[in-house]
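As a starting point, one isolated chain is supplied in structure tokens, in the form predicted alone.
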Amino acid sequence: MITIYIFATILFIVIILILEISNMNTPNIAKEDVLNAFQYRHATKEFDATKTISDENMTFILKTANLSPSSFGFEPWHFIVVQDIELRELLKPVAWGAPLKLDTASHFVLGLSMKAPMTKWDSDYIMHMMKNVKQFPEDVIEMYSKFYREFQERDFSLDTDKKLFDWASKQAYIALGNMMTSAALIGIDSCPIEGFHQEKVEALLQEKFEVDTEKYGLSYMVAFGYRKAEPPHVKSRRNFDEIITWK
């Protein structure tokens, strides 16, 4: 009886492990649903101002930014959700691509990227990320710092403040893409915006939004809400075979 019991127990454990491994390989979402979301998404020019995104759904969208990948995992970004009507009005004169979205979008987000004082290999922020966020041991911090320094100084020649900001912006755009895709997956529309005067916007951010513009710069704006009307044109893209090369 003991032998049978032991055998049954082992068999049960094996079945559980097989099921767990099987579940690990199960997709989180159907491929068709993802492609449908990409087909659905379009740059919404005007939103339905009577509809508001729920707190739960907006938090979900922002969490996909929080979970987005970044080079070396250093997350060189910050997001400001502008819901204050007066602050939205202040943005209009310096953001020519945004007024209609500022008036009608349920939520309006500013995508900030870190500047050189935050992203340079020996900055306090980078040390904070390695030590407190990633909780690397000292020997790993030393090794990681060496790799990151070589990446900046040798591999990518990030030797000016402008280059470092542009590099950080590339990371912030990953988060932008993920936010817009996650929004489309739950039926929420979006519009990325680069139509703004960067220098004037940053002066405004410093004066009215309490942003330290020595450390952060604006990479993009993005509006979220529900479309007022369906897109006037069918989505068009280059032929799939034109953009893919297999070697």
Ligand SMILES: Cc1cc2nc3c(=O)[nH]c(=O)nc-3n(C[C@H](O)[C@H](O)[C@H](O)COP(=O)(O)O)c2cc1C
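Note that residue numbering follows the sequence shown and begins at 1. These figures come from a predicted structure and were not determined experimentally.
Missing here is the form predicted in complex with the ligand; even so, the following discussion is about that form.
- Stretch 37-45 is the answer when you ask which of 181-189, 37-45, 198-206, 62-70 has residues with heavy atoms within 4.5 Å of the ligand in the model of the complex.
- The shortest heavy atom separation between Tyr125 and the ligand in the model of the complex exceeds 4.5 Å.
- Taking non-hydrogen atoms only, Tyr173 approaches the ligand to within 4.5 angstroms in the model of the complex.
- Although the partner is absent from this view, Ile193 contacts the ligand in the model of the complex, with a non-hydrogen atom inside 4.5 angstroms.
- Among heavy atoms of Gly97, some come within 4.5 Å of the ligand in the model of the complex.
- Residues Lys235, Arg237 of 214-247 are found to place at least one heavy atom within 4.5 Å of the ligand in the model of the complex.
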